[in-house]
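Read the single chain below, which is given as structure tokens and is the form predicted alone.
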Amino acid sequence: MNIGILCYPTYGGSGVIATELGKALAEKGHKIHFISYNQPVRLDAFNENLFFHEVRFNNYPLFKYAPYETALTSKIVDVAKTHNLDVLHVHYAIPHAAAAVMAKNILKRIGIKIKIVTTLHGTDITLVGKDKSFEPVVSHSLIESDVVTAVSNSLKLETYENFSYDGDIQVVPNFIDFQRFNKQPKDHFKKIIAPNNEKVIVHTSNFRKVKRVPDVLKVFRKIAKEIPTKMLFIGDGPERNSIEKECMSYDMCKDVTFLGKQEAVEEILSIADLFIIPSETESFGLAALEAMACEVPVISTNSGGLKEVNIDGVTGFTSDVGDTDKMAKDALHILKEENLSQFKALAKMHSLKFKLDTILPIYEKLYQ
């Protein structure tokens, strides 16, 4: 099939999933055409079935903001006509689904039929859904899509709550690359981080308020009072400075390390004993799944899609948002020597349900 993929080209989860999906489809012989304003960061391998079409647009003095959605629509029409696209798979409702619907109508007028698969990833519903000015556009885009998918059942229900859409939404979860995300022999690295065999706890995020990073520090402080522990923070963002200052105020700097943005996250996860993700909301919880694939049990909230990824009492534990006392208690239970190996094994076992080989045929069937 000839498939057009619309996605954000950045490091965000939706862009990564869209790109990895496209690469896998190309390996199976489908012609994949990425359409975006930059080449996706994960589009880093050559394949004769992979193509990238850049959306170019000029910022005319007449406009305060560049009319990206209009330029995107025109590029979709051009690519669909030139390469005989069968399906458009759009990741994110705004602006991608909206532009795809407009392009579909333009193509229809010239006798070209194209189908649209819209995948909802999270903030296009959870954040845009709170801005009622976007509701008519998002609802119309969903109605005009031929297939709508969501990455978790939680996101599916939230879509029904926020938008005027009563059609079917199929839950197709995210996936990860198990060739990359697996426990690697990094004992020498662990010895540097934890020279006295301390337990190693990891948190990774974009340090925004919704991630509730201060809760990570609260949980760590409670754990550190009971057992020798080291804390690794991966990522960067607006909350990082305040967290570092709080760490210094409690004289915890010797046990807490801020690693910033890291490309090889899997190498750090390979030395971890526990992963903490206390987010206020997560549409799926890809970071938790990556940790589990590296045999790291998870302490998370029970919000959004996290409870569908992190199975309470099996791969780790879930708690209400902000309940740091329970999170610390559960963490100490996992970190006991007689419990840790079992939690690690079960985390890995559950993560295998999210293999690309399992998810890819689902999307192929939807395209057909």
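Please read these numbers as outputs of a predicted model, since none were measured by experiment. For every residue, the number given is its place in the sequence shown, counted from 1.
In what follows, reference is made to the form predicted together with a small molecule, a form of this protein that is not presented.
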| property | result |
| --- | --- |
| Contact assignment for the small molecule in the model of the complex, among Phe275, Phe233, Tyr92, Phe163, heavy atom within 4.5 Å | Tyr92 |
| Position in contact with the small molecule when the complex is considered in the model of the complex, options Thr159, Thr229, Ser283, Ser145, heavy atoms within 4.5 Å | Ser283 |
| 4.5 angstroms heavy atom contact with the small molecule in the model of the complex for Pro9 | no |
| Interface membership of Asn206, the small molecule in the model of the complex, 4.5 Å heavy atom rule | yes |
| The small molecule contact in the model of the complex: His121, any heavy atom under 4.5 Å | yes |
| Interface membership of Leu25, the small molecule in the model of the complex, 4.5 Å heavy atom rule | no |
| Partner-facing stretch of 206-214, 248-256, 185-193, 131-139, counted where any non-hydrogen atom is within 4.5 angstroms of the small molecule in the model of the complex | 206-214 |
| Candidate spot Asn2, Ile5 and Leu88, all three touching the small molecule in the model of the complex (heavy atom, 4.5 Å) | no |
